[in-house]
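Take a look at this single chain in structure tokens; it is the form predicted alone.
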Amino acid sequence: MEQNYHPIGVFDSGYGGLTILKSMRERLPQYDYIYLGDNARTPYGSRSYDVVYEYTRQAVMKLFSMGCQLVILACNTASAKALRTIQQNDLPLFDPSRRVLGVIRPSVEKIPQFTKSGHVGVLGTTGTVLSESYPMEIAKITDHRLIVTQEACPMWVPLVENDETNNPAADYFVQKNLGHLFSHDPGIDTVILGCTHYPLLITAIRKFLPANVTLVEQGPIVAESLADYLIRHPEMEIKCSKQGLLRFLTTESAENFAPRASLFLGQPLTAEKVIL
């Protein structure tokens, strides 16, 4: 690639981050983007902190080597288990001018705008839920004392990745997990989709979600947060190349990645296989 090619890197353990990328491109189409899915080692949700950190660090370094000055961890598990260590330990040593951002903080900062009761539900992978990242980040919103209830949904990602979102099994597990969530706190009026795969289950989720509950999707929020970040950090914005180019990388078979990825992105695509 040419020397002035500095795309915005978008990393996910698999396909889910494509829902974030889709929103970013809708909001900021002028920038170049490069997406990396670690499909060979997905899912991250049940892996330890150390493993998620190491895998995520490898992916970030790969994106840096390909010209990225800014990388978005479009994966809640990576944001929960690896982001802070990469920001605090790796960036100062590798290149203090580069940045790695996650998806949890932007999502949480918007919550007070949605909830009236102060009762918030979080749907996520087992790893994200056990990390307590959402309750901890929400607790940092000092002006708002919110009650957070979490529900781990281990079957939702496999349903999405196997294109079973319109299957009766999807309805069964969505209804089951939402039932658990609201049985713990019937006062919840706002639910965060704390996994980037979950927007593909939106039809089933809305079917079983109480009518008065606001559903918060991360894609548009993260895209708006990125736009705001680039305005506030012109020194980074000027580094990001703007030819509207889009490139897809996967650690799995490129032939296997492309058709499934197109379901998430909503358009056909071609991909390249990489080794981390």
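Just so it is clear, the model here is predicted, and its values are computed rather than measured. Numbers follow the displayed sequence, beginning with 1.
The discussion below concerns the form predicted in complex with a small molecule, not included here.
Here is the short version: of 111, 205, 157, 129, the single residue with a heavy atom within 4.5 Å of the small molecule in the predicted bound form is 157. Contact annotation: the small molecule lies within 4.5 Å of heavy atoms from the stretch 68 to 76 in the predicted bound form, the single such stretch among 68 to 76, 113 to 121, 87 to 95, 171 to 179. When contacts are judged by a 4.5 Å heavy atom cut-off, residue 197 counts as touching the small molecule in the predicted bound form.
Though the partner is left out of this view, residue 42 does reach within 4.5 Å of the small molecule in the predicted bound form, counting heavy atoms only. Looking at residue 133, you'd find every heavy atom of it more than 4.5 angstroms from the small molecule in the predicted bound form.
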